[in-house]
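Only one chain is included here, represented as structure tokens and corresponding to the form predicted on its own.
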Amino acid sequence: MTITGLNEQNIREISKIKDEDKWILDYRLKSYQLFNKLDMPKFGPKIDIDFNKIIYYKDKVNELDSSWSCINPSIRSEFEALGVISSEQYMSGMGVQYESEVIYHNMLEELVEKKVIFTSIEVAMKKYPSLVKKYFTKIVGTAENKFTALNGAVFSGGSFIYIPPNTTLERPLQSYFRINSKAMGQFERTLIIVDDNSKLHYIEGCTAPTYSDSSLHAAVVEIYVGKNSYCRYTTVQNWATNVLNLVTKRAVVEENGSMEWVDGNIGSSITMKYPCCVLKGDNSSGKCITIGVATHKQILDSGARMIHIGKNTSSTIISKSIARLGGNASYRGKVEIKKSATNSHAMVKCDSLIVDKNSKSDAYPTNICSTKESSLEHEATVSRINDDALFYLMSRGITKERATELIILGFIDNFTQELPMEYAVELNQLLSKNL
């Protein structure tokens, strides 16, 4: 079954297909009412979407399974070509979503023994309703913007992770999201809870082939980082240039906790994404490292938000953007140190590389420090490919195209150093194809 168009009847049908409890349907309908009342974002690029032409749900192409041999051969071949299956050997567990539903899920037995929960959000709502209700929508409010409300109305798929107290995962958990249909919308909902004295690294990958009709990706990610805990969320997305990528991601960090976002954006016609850390607890910290490439009239509007509430908190934002062939790569961020956040420090560093005269890069920083006992630093550079560096490399027999590629890869080196080796290699390959 394919459900196209946004209305109450279709929302009820999605809930019925998923056999949801009444509280979930009520939440969907309330979100839909909010969606109808909210305006499109007043900032950033103009977004033109006919919401009645989007596919909001596509029936399962495969029943959920923990063995690749049971996955439809043609779909399995897609993930083999993407390198998803081979990467599983480096992970503690993996989930794969194809269109609207999670079709593959597996986790090491030792994690089960540690009582780690890694499953889809729908399964979690059925098996662990009290745990889900404790955190669901408490970090990202449904009414925050039109797309959080849209996600609330039609969400499907996404990951639920619970790391119990005093638990460290030595290897990452991974989820992979694939859009494979024209005008398809993907609205996964991810909820991660890293309880006290625990540690998690979560990796997310996203791809879609190119079609003439635009696709929409409007996800919501909520992360709770407990006392003395650590979470890293790594994203490498290579959406096709017909995808609108409009995502809301936020983490709340408790005392002595640490949250890191590592965010790579290469595809999509428009990207609007600003991962956020709310540093609630004393001595908590947040870090966001982003890299974005805008090419062929792509618009990349990304950055990060750091909200300091607790004392002795610290945050770092490092943003690297590349604009070429008419692309627009912009930084939009906010750092706010509240009056309560005494003895805190924030640092923002934005670097933009403009490859040609047809491209542009803008910065829209908002920096607020409400206490004299804290400090906030902001550095920004905008540069072009250095002609002397090009000449030097070309004088060594390197072609201009290869020399340009090497300069760009050097420009983002500190980002790739933050990735697991197999993902750093993948990112370099993706960049080489897009440069």
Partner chain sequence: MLEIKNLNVSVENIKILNNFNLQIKEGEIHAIMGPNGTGKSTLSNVIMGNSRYKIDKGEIKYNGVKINNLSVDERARMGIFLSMQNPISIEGVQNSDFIRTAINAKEEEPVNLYEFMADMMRETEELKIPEEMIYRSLNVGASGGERKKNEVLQIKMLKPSFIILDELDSGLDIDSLKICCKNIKEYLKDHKDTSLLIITHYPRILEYIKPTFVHEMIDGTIVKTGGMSLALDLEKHGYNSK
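Since this is a predicted model, take the numbers as computed values, not measurements. Residue numbers count along the first chain shown, from 1.
One more form of this protein should be noted, the form predicted in complex with its partner chain, which is absent from this view; the next part is about it.
> Taking 4.5 angstroms as the heavy atom distance cut-off, pick the stretch from 29-37, 371-379, 403-411, 45-53 that is near its partner chain in the predicted bound form.
Of the stretches listed, the one contacting the partner is 403-411.
> Any chance Glu63 has a heavy atom within 4.5 Å of its partner chain in the predicted bound form?
So Glu63 does not count as contacting its partner chain.
> Taking the shortest heavy atom distance, is Ser69 within 4.5 Å of its partner chain in the predicted bound form?
No, no contact at 4.5 Å.
> I'd like to check something about Ile385: if you look in the predicted bound form, is any of its heavy atoms closer than or equal to 4.5 Å to a heavy atom of its partner chain?
Heavy-atom contact with its partner chain at 4.5 Å: absent for Ile385.
> Give a yes or no for Thr399: in the predicted bound form, does one of its heavy atoms lie within 4.5 Å of a heavy atom belonging to its partner chain?
Residue-level check for Thr399: yes, a contact with its partner chain.
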